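Okay, so here's just one chain, in structure tokens, the form predicted on its own.
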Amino acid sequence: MDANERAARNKKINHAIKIIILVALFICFIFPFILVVINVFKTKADITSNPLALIGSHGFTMKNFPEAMQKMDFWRSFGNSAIITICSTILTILFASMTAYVIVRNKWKACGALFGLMIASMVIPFQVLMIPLVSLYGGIFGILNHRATLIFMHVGFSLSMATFMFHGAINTNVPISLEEAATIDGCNRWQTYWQIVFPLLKPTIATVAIIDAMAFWNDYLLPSLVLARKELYTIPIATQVFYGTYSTDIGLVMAALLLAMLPILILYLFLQRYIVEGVTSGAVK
């Protein structure tokens, strides 16, 4: 066996090892989701006795879904989560893209300082701010227990990361010559942004939408601090109704979790082709 054959053989072996490792990691990652799917159609007794069985001894059941929806007031919680997630995501995309555009196209020192402060704020953990935040908005301003307050907080906490992503995309993928041509054709700054710049940011918009929508939809800590009235509960907060002091109905919990995951999974399926393009947008100039 010559050197070329040995090199080709080693390359195949290394490729096979990488595939095996990736498959093993994928199985480890997806296993909790598979466990939820196979147990959501079982009774509580079957889940407790044999959670790994595909079908329980009592057979296939759909009772967990209507009972979970009724107990957690699913449609009200779903509406609250949808309103908060959609409004927060849209506002984040609009504010972040406009902020990034101003910073990129204006070489003012104030823009550089603002961008530096936004990057620095990304390293501050939310847990450091949550007690002062709740004390300020609840004790002084008294504006907790409102969806608008939660939307405002979501936008504030997500704006820095979104601006960072849009900054790279505009700096790399939006040629200044296009804007100069639009100006020559009679467009003002506002028209140039909406008609030229914003449409070119579609991959980054999709990426930010997925990242932020997942974060807003699945967030438990911040809504639990802001929303105390039951009629304002989002889906993650509403699922706590299944957790008792001495027992937990696992079947209902898994049904609620699956119902909560479906909207985000559907959104991801629609926007997945933009994800990689949007993440790498602006990475290489």
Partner chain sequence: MNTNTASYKCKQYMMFAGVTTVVFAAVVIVPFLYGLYLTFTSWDGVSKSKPFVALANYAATFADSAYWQALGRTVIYSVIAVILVNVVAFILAFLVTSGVKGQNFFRAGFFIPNLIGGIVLGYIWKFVFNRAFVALGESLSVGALSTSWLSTTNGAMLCLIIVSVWQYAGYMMLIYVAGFMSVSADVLEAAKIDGCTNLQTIWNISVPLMVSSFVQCLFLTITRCFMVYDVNLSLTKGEPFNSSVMAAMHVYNQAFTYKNYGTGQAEALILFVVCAVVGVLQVYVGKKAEVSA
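Positions refer to the first chain, counted from 1. Heads up, when I say rigid core I mean the largest set of C-alphas that superpose within 1.5 Å between the two forms. Model, not experiment: these values are computed from the prediction.
Not pictured, yet referred to below: the form predicted in complex with the partner chain.
Checked against the partner chain in the predicted complex, the residues 218, 61, 70, 57 give one hit for a heavy atom within 4.5 Å, which is 218. Just one of 124, 90, 82, 178 comes within 4.5 Å of the partner chain in the predicted complex, counting any heavy atom, and that one is 124. The stretch in contact with the partner chain in the predicted complex, judged by heavy atoms within 4.5 Å, is 157-165, chosen from 74-82, 157-165, 199-207, 170-178. Contact between residue 132 and the partner chain in the predicted complex is found at the 4.5 Å heavy atom cutoff. Residue 66 falls outside the set of residues with a heavy atom inside 4.5 Å of the partner chain in the predicted complex. Of the heavy atoms in residue 146, none are within 4.5 Å of the partner chain in the predicted complex. Of the heavy atoms in residue 140, some are within 4.5 Å of the partner chain in the predicted complex.
If you fit the rigid core between this form and the one not shown, you'll see the Cα of residue 217 move by less than 2 angstroms.
If you fit the rigid core between this form and the one not shown, you'll see the Cα of residue 36 move by 2 angstroms or more. The rigid-core alignment places the CA of residue 53 2 Å or more apart between this form and the one not shown.
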